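Below you'll find only one chain, the form predicted alone, shown as structure tokens.
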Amino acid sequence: MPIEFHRREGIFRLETPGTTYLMGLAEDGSLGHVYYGPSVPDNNMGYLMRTGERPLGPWESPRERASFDDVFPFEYPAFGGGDFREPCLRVRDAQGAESCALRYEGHVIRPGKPPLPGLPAAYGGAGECDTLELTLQDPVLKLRVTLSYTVFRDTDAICRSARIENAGGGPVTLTAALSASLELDNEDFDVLTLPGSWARERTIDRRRLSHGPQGAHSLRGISSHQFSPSIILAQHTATQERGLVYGGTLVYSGNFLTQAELDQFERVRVVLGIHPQGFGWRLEPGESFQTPEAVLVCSEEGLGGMSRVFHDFMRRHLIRGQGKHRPSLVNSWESFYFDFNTEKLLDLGRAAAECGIELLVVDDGWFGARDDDNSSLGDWRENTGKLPGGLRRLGEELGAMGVALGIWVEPEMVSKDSDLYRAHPDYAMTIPGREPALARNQLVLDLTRREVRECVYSQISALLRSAPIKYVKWDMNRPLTDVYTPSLPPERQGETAHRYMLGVYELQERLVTDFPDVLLENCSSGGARFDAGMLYYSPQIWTSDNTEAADRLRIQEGAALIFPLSSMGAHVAACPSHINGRVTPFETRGRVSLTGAFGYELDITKLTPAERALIPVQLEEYKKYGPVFREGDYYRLASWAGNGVYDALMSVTKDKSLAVVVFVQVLSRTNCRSLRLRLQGLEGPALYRDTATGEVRSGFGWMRGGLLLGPFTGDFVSKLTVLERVETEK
């Protein structure tokens, strides 16, 4: 059984295909973390809670209750006793006191996985997964906390969340309500996070775990460019291929905290959840609060093994549109910016049709009076001066060419210079008496309010019904400031940021439900909301506004630590780069983009004949090998961010019949011989043929002997290598 309770030992056992997760009950009913790691058959492992060591347990020496709390490995730690590490739960009662002590009340084991109302979450039916709902209660506050654990039969991921219910007679306020905690002995861990900024998101930062709290956070109302809502602990010696690694990510897109804390006794507490700063959720009697979901992974196969578990989990149990057709596309933004009309777009469409591109996306500038970024957000109707006949005419004429139509929208925003703002200035999120802080000369709509959500959705849905639109790029171009809503009383303003995020989720849920044939791609100034919460609604996210190939190698490598390649919008962009002026070959730009959701971010009518001739070649490669990257196993072979010279990755189909390797020599080396690249993930005894050279070797030969590449002359040189398994007669 994937989940069991062993009453004699007081042990809860969760079993995935390759890992074991154990929790134990102390004599006073405290729930402690016992073990999480590679599979073990034993249940008598409660000794790992160390309750027999000093300080003595409270049942032996009540005078040391606080000392016991200071060291006990609480499965869901609460603030107010003697546990001074980061808690998951802080509760303020009607007297203003903050104290909570949780004790075991009961549990139930269910087949399948129930949804989390209003929140994105993993899914799985009976036979695919099982869920433990373990209830704790504070006997004084009558506060009930139900911890939910889901284990899957086909992946080593574990999903966790908490539902907190006020079963008492008076109101309480949650001042912290995180999703999960994990207690580990420090095994010489490094901590990895993914910091960055606009146009350089998700840089891998690896450093030694030291005493005190370390991790990632966002207080911007979005998961942010600056950090990903993820955290990784890896043994210092762990590599891509081997070593013990723990990873955690939140299925959430707003303010978050992911933190590891090394304490005085060399224990590590990892917490993941909504950031407590600025958070306060009032619970009246009978009300409950549901935390977002956290996903935990453990692997002994290094960072690569952890990544492959996350990828499989998200593709099978989180991304509902994973199987949608991912059309090749051309986006108008770096083609024209705001300077376009119907004829320019149709010319671009004709060129796309000639090359075999399937979709044209009309980016910013098609609506209201939008000729720059100073007006019209909120007015989601066609600018008929630019587009006579509107999107219907454009879509129909493109459709006659065999090219589908997509559009860009930014539904969460409003411009002061817009009809919507002039009619409803109160719809913008502002603080009474204060001048609101603008960003990109725009304000955020107060999506905590139902009437505002209805206004937005009625416009967007009417638009999608009025024209043959097959793709929507949903952008969000600024952080939240002036976080206040008149829809809540003063004592509930701490709920605003989370209620805003719930409003966004509601809108996107309605969109994908009402328009199941429309492909949704999320975006937030590039990658400011690249998280598992957004992936629940859209199978792909615009990875970064930086489309320059060499920079994208770093950005996509960081994202791939947690997120599948299928989720990354990746386009061949104009050259010299509009971001940094770098010049890279068209062929290399195509190969860097091949590994994600493929497209073009340039005016293909202005390419040279040689470049134009490469587009059908690239599209054919995407058609043939895109599924390998989208659905296969990912292996990171080399990192330009690490070695400063070259980058390499490969993907292998699940049946190991086909492998595709992308190599980029970013900087040329003088007077050097060829590089030796050891491949991974192949079936050892099987024979594989290099489709370009005809060379045949065993999987062991390619993995242990390796592939020789180069020497190459010049910077930004790339090579695509395809290995096919040779079927031998039996």
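Source: prediction; values computed, not measured. We number the residues from 1 along the sequence you see.
Just so you know, the form predicted together with a small molecule exists too; it's not on screen, but the next bit is about it.
Participant: Looking at 554 to 562, 107 to 115, 229 to 237, 524 to 532, which stretch has residues with any non-hydrogen atom within 4.5 Å of the small molecule in the predicted bound form?
Facilitator: Result of the contact check: 524 to 532.
Participant: Answer yes if any heavy atom of Tyr252 is within 4.5 Å of a heavy atom of the small molecule in the predicted bound form; otherwise answer no.
Facilitator: Outside the cut-off, so no.
Participant: Can any non-hydrogen atom of Trp408 be found within 4.5 angstroms of the small molecule in the predicted bound form?
Facilitator: Heavy-atom contact with the small molecule at 4.5 Å: present for Trp408.
Participant: Would Lys416 show up as a contact with the small molecule in the predicted bound form if we use heavy atoms at 4.5 Å?
Facilitator: Although the small molecule is absent here, Lys416 would stay clear of it in the predicted bound form, with no heavy atoms inside 4.5 Å.
Participant: Taking heavy atoms only, is Trp542 within 4.5 angstroms of the small molecule in the predicted bound form?
Facilitator: Looking in the predicted bound form, residue contacts with the small molecule include Trp542, since a heavy atom lies within 4.5 Å.
Participant: Heavy atom within 4.5 Å of the small molecule in the predicted bound form: which of Asp475, Asp379, Asp130, Glu548 fits that? Just give me the one.
Facilitator: None of the others qualify; the residue that does is Asp475.
Participant: Looking at Tyr536, Trp333, Phe629, Tyr427, which is the one with a non-hydrogen atom within 4.5 Å of the small molecule in the predicted bound form?
Facilitator: Of the candidates Tyr536, Trp333, Phe629, Tyr427, Trp333 is the one lying within 4.5 Å of the small molecule in the predicted bound form.
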